[in-house]
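Take a look at this single chain in structure tokens; it is the form predicted on its own.
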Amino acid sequence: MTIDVDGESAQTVDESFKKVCQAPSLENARDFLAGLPGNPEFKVFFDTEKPVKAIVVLGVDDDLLSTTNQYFVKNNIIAVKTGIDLLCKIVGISSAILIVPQHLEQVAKSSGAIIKTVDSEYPSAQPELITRHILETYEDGQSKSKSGIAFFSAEAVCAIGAAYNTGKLPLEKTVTFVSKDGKKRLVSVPIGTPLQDILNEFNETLNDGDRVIYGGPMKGISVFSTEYPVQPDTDIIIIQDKGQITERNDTACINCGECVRVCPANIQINLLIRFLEAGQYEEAADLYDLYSCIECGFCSYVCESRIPIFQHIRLAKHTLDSMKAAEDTNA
């Protein structure tokens, strides 16, 4: 699938980018590569308080139904290798770790990276769980959890490699599109493509009460306009028929304990949600481990009262982070 867009502004940026391709550096990677497909993030390398000592490339997808990053490992492993080699050169790290599902381990070995596998059971591919259970220690004995780790998706490293090899900034985003009948398709569209163009391509019709989810069924967000664009980090778009939607009530917690039993971070969710619903975010962080949450969405999925716990948690983190940023700016 290809959708045409005006490439005039992209061409101007490409001309500027060509001038820095001869000597790749962290500075020009930060300035030019943010916003590429896969949304590579280079700011982490400029944090002097937490130097990056490991690059982890995610050849796995962190939500159900998505196959975007697995596609790049399975079908573009040479491009993944090229991107990893360039990324290591740019940041001055000798090698990277490539995380893949077990069935792609043999293919992944062609990347030249250190290969670690995770099983297919959700939420094994969450970066926090990968850090905790797979990346246990450095060779020098330091805990990886206490040192800097930079995570990149397989799609992002492919985009980095393509950018430096061609002198052009790639614009095509690979997205797993799930239609109302549950059929999955991989599509490639320019970043910024409105949802309506994709719906038209697949003759998918939205009716009153249907839902559009950007992101997976566990962690995604609903959007309310067919003009909403494909973003650099949009890995999956799901169309839900209104008959498949479970309504949220946000009624009182009945203290059934299901959320506590399924939480991979061992948080007392039933107590945490009481503080979140009351807007007591600082207390939630201090007393009930708000920031230990890995945002897998299990708590909302199993909640007997249909409380949108996951959304409460995200709102609380966003609010506290915004408050901290404002304090730092005014300090």
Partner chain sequence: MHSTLKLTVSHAPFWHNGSSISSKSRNILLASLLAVIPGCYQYGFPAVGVVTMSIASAILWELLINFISRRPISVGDGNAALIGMMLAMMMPATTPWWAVVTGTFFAVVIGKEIFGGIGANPFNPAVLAMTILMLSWGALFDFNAALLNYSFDFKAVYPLVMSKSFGASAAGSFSLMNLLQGKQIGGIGSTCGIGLILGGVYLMIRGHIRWEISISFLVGIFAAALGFNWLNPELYAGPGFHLLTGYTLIGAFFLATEDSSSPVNFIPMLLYGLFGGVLTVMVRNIGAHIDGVLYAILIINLVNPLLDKIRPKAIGKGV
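Positions refer to the first chain, counted from 1. Keep in mind that what you see is a predicted model, and the values were worked out from it rather than measured. For the two forms, the rigid core is made up of the largest set of C-alpha atoms that agree within 1.5 Å on superposition.
Note that the form predicted together with its partner chain isn't included here; everything after this is about it.
- Stretch 225 to 233 is the contacting one of 225 to 233, 161 to 169, 111 to 119, 74 to 82, since its residues have non-hydrogen atoms within 4.5 Å of its partner chain in the predicted bound form.
- Contact with its partner chain in the predicted bound form holds for all three of Cys256, Asn266 and Tyr301, each having a heavy atom within 4.5 Å.
- Put simply, of Ser94, Asn203, Gln106, Asn207 only one has a heavy atom within 4.5 Å of its partner chain in the predicted bound form, and it is Asn207.
- Interface residue among Leu64, Val44, Ala34, Leu26, judged by heavy atoms within 4.5 Å of its partner chain in the predicted bound form: Leu64.
- Among residues of the shown chain, Gln311 is one whose heavy atoms approach its partner chain to within 4.5 Å in the predicted bound form.
- Using a 4.5 angstroms limit between non-hydrogen atoms, Cys88 is distant from its partner chain in the predicted bound form.
- Taking non-hydrogen atoms only, Asn39 never approaches its partner chain to within 4.5 angstroms in the predicted bound form.
- Under a 4.5 angstroms non-hydrogen atom cutoff, its partner chain in the predicted bound form lacks Ser188 among its neighbouring residues.
- Contact annotation for 73 to 95: no residue has a non-hydrogen atom within 4.5 angstroms of its partner chain in the predicted bound form.
- Taking 2 Å as the criterion, Leu315 counts as shifted between the shown form and the other one: its C-alpha moves by at least this amount when the rigid core is aligned.
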